[in-house]
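This document opens with one chain alone, in structure tokens, the form predicted on its own.
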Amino acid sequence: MARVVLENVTKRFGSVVAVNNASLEIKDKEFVVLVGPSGCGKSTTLRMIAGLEEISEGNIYIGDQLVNDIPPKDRDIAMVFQNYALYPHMDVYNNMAFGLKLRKVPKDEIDARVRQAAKMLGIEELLGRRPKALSGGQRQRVAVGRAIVREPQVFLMDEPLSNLDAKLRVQMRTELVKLHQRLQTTMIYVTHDQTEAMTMGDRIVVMKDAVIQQVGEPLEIYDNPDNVFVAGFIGSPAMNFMEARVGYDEGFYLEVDCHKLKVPPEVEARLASLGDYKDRKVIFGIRPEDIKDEPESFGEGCSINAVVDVTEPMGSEIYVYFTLGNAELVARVPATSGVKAGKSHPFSFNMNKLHVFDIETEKAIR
């Protein structure tokens, strides 16, 4: 088992910077998820760790070994690709055994490893089939099994669930987390799906435009995003944002479209630098679950009235869309709510859970 360290790693494709000065330490036996929109550099980062892309600048260590110039086959890693990359002319058994045969592992040991991995993944009855006779979920398990039999120091997974349907994707997320708990191996997982990141990772690495934006545990990032991008990317539905003016009248408030929303004293204490923004505009953020469909739910000075644009029943809850000034907002309310589209309705903001960002830098005001 091994930790993985990136020191000021940069990757350029001509004049295009795909990864810019990335520094990251992934601990031994940790499950870390790289997440971000398409083109942010997460897969390129993974491929540099694997040795499939050369580094333009910086260093990568696996264990305590510098691997910049070590070929992929000698890095003691195993990679699971988005398209599974199975050999179509081989059955499942030989797909899983192929890498071990190349390494001249004894036949008895190959057989034991393949059958143990197949049992772990529930694909024992598939060992004699070829990939074309398997479903997407079965192919995905075979690809993971091929990685397991290698018994590598580090598992690298590049969006392995993106080709599966929604129900199977949820099931396989759980299976991969259980697998990590059993194997106790370092895993680095790439996805564009923030739900996968939140549910699977011990820690999350959020990337945008080739730069690491924030690293932390899922709830830490959810509750304390460093900037507007992270706040909007992590969470579903996304955080609501609106332009607000910071005012003071026996306490701070945020003014949005003539509504004055009171900042609680405990939040004032937490946002020590809020006073620097008095009479200035900021970006005010609040998550959909922190908006209630009742007046004064969170005390005085936190309610507004707004006309409901659209409602989306989601079973146990309803997503309610409404407009405040120039901002379109969404609230998550119970299914028993009487809110109706086209009607004016009171909404309360849980100002204890507010987020405030600098309007120019978009960084969180702490």
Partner chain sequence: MDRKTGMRLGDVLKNFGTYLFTALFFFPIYWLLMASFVGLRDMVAHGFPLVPPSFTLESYRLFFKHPDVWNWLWNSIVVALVSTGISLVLSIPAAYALARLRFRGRELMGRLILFTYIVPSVLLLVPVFLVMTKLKLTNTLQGLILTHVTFSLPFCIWMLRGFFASIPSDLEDAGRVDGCSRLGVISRIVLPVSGPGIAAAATFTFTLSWQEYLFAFTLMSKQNMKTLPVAIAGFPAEVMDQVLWANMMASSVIATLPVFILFLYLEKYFVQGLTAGAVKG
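Positions refer to the first chain, counted from 1. Here the structure is a predicted model, which is why all the values come from computation and not from measurement.
Heads up, the form predicted together with its partner chain isn't pictured, but that's what we're talking about next.
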As a check of understanding, the residue in S236, N83, S273, T174 with any heavy atom within 4.5 Å of its partner chain in the predicted complex should be identified as N83
The listed residue (R182, K107, R103, K167) that reaches within 4.5 Å of its partner chain in the predicted complex by any heavy atom is R103
Non-hydrogen atoms within 4.5 angstroms of its partner chain in the predicted complex: do T195, G201 and I286 all have one? no
Partner contact check in the predicted complex: of 201 to 209, 145 to 153, 239 to 247, 277 to 285, the stretch with a heavy atom within 4.5 Å of its partner chain is 145 to 153
H89: heavy atom within 4.5 Å of its partner chain in the predicted complex?
yes
Should Y222 be classed as touching its partner chain in the predicted complex when contacts are defined as heavy atoms within 4.5 Å? no
So, G51 and its partner chain: in the predicted complex, are they within 4.5 Å at any heavy atom pair? yes
(Q) Using a 4.5 angstroms cut-off on non-hydrogen atoms, would V190 count as touching its partner chain in the predicted complex? (A) no
Looking in the predicted complex, the residues of 116 to 148 with a heavy atom no more than 4.5 Å from its partner chain, listed in order, are P131, K132, R139, R146
